[in-house]
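First come two forms of one protein chain, each written alone as structure tokens, so that there is a structure 1 and a structure 2.
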Structure 1
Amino acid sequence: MKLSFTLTALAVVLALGTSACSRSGAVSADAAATPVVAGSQHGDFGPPQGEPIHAVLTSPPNVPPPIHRDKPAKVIVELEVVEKEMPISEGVTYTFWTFGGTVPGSFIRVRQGDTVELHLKNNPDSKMPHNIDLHGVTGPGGGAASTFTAPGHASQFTFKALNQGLYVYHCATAPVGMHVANGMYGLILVEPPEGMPKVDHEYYVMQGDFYTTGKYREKGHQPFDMEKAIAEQPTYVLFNGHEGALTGDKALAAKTNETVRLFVGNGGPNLVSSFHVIGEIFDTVRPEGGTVEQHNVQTTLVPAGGAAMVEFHTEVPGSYVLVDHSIFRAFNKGALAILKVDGAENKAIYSGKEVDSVYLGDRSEPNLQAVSTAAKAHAAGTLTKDEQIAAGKQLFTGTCSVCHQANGEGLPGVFPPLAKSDYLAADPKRAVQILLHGLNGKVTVNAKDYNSVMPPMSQLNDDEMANILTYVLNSWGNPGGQITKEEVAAARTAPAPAPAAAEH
């Protein structure tokens, strides 16, 4: 034991001596050439070899194929800035500023040590100058200083991808926050020389917060709101630039017993994401896009202007919900996506069935086309009651059915029924006030007492309230009728009714 201690002490002294020699510069050439642990050193592996390569760029949620080269190359990346009006939610449009025509922008994949020649074009129809700051660049402004590009012009600069990792890129033209808030961001992956471990699926998911003058889901074209952006009060928090971009027939897909890697970015401009996949545990996380790995992680923080790589193995089939676990952002601002896993059940792992559609809310529907149709019809002055009912049914699924049930029967003793409701039949118009201001206390419906709290549904717009109530009045044996957007608007501006006993 004494001998072991002595040898250990000697090893420590020798190590300290070596360290001291290193600090004084008295170190051998062989020691100086000793490589740093893979992944931690700069990747200047010499000049590019072979002919230049044009990078394969992909639109979200797709990712370019893995790189199998064993030598550095000159990689040419061509991006075009396009300002375009696109949907941000059903029946809602927004003017996005984009890299490559999508939000987020095109995914870029290169190898550590590559020399990247980046060409940035600004579409002639653009109204603003733009540039690009890539967080994977070592150099002033991440390239921003070299790529200020007016509409109809093109810029170019070259950089060496020295560090492996997953990096955000974004526009950095003043006002920077406005350019980022309008969707000008994306991801660039710098693969390690040995490549990434093989997986069955790779997907590109990027969160952003958006600031519109109108309320959440308020129909029509919505301009950018600078005051909301400065106050950091987003109207929408979204994955891939559009509410429902990764749901329904656009959901991510995998099969059981497969590995999935998500390249997760956060363009911001303001919020930090608490990224979580409901029903999965991340086997491996590379937080902030770096080289350190964590394992068995439930939720990982992705900072604004940052990224993460998460990997997991699918075990049982079902719909797995991707969310920002700052949970109101998911269910009231849009930060929700679906990974649909198909395959055989494995009762030894999980005995239940697919995620309850009520929990998924309106995003369990393939889309909200009926809502969009009703909004367009109202704008054209041709809205029919049938169109309101169809839109209201889809909205009811995600807003009201959790408590009142999909069949309107409610929960005995807790939530009153909406089906064959004598309470609604007595005064259909008061349902508008209930949605606007809530209902608290005892209420008697169909000769049964209920005592619970219904909060104000202030997140709903006037047309959404009108459509939901019209659907309820014309369903489950209720007497019929129609509530208009104008009636809801008038009730909203009127003074709130004085608190009164709710008993019927």
Structure 2
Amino acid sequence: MKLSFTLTALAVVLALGTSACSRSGAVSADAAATPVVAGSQHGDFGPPQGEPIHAVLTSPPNVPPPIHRDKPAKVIVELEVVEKEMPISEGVTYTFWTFGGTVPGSFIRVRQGDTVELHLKNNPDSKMPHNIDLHGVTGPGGGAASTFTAPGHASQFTFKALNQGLYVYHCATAPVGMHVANGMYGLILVEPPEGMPKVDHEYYVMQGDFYTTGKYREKGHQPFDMEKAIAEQPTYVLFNGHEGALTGDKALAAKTNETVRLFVGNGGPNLVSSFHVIGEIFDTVRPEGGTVEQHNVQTTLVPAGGAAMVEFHTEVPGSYVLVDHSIFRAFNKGALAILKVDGAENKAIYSGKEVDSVYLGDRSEPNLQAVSTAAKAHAAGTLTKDEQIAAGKQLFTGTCSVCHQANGEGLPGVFPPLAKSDYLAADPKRAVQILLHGLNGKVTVNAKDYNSVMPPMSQLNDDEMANILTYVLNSWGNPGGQITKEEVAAARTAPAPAPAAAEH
């Protein structure tokens, strides 16, 4: 008690010091010099007033409206657990366990001092019992013990929201890791009594890591893989529960000269997120969803079972890419979302040119089609040669065209041509090995030497490789032919070939 009192006094002194500094500085926009006091000491904790209120719950990426209430109330929250099959990537489904039918679960917004009556229903079609642990609750288990609910049952408990902040909630039924890995988490915002500063847009973005028995983007229904989960080696790392949840026509939207606040959560179960928006700087961050404000931040760490509030102002139009800056997760496991900002260019701040498809790869708008075409092709079963060529053409863009160019001509001295390549024509099946294992050392293509490195394209699965190569073989004056996914599968299990140089 004494210690916390001393710390509070110190915080006041520091805050006064800061405001004195900013007054002497050129910019005095930093009005947030109000002393920051721990949530439970500062609030409106009288008995609930007025009629009970039913909380507005929203599905991601939407956030319930600000509260604008000056008295504590009794707030009723009704949440239903639903187990359901949903897409996790194009052509890939997964059985998610959800709070409210979405991953992450419904967003809950209350005011500090509110008395929250939480009802948890477990859908009769569920196979598992579930419960809820809200990190915004003061009391053993955060509600978990009071809410253990069998399929077709309901339970309830009541808590007072003592601390303001942004909190994760999650299922805590054994095996806890599995329930969380299946998508059982969401956010609850406890607004300060005076509300939060007004912004133009508020969005709900939550990261999670997922473990499937198949590889990344391996098509069909994918079961949960406990071994991978224990090894902490996710197949997918995603914002809002499925790859592409926030890209293309589902991208977050804003206009230039607006303020955006993101409520960012991380459900885990395992990974910590290095949350970053490519091309933006966070003007304000409330790290870990707490009360202290940090400014001018590039990347903020969001712990598993934690959250952050980030705010920024939009100056320049274009696509801003939300990523986990542990960057393989963004480009090879799906942790990528887009904020599309519309408005007039501002050349004084930025000279122009969109984030291009090179940065976004197959998640950029022109290339999104590629992934869904491939998924549809797969769903149709065995493909004709023409269908393979069509699917392969889509995939070539965003995968191979970065280096070999869309017209297959390559770049002189750097990337060899695939168009009329005598190297390719000499042994088309060798190309399967090149995709699987990459290529380095000296190669001669159309009488020109290249001595560079092509990385393995092992993120592609068998049918994707077969389709791309069939497309390449039937384009730009190449000799034609067909590669089947069975041939790729066989090559995958065969030992890697000798280096290319030895063959020449």
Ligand code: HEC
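Along the sequence of structure 1, residues get numbers from 1 upward. Under this definition, the rigid core comprises the largest set of C-alpha atoms superposing within 1.5 Å between the forms. Given the structure is predicted, the values throughout are model-derived calculations rather than measurements.
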Lone-chain pair; form predicted in complex with this ligand identified as structure 2
Inset, instruction - Verify the C-alpha shift of Q405 between structure 1 and structure 2: is it 2 Å or more after superposing the core? - result: yes
After a core superposition, would you say A145 shifts its C-alpha by at least 2 Å between structure 1 and structure 2?
-> no
### Message
On a rigid core superposition, would D427 pass a 2 Å threshold for CA movement between structure 1 and structure 2?
### Response
yes
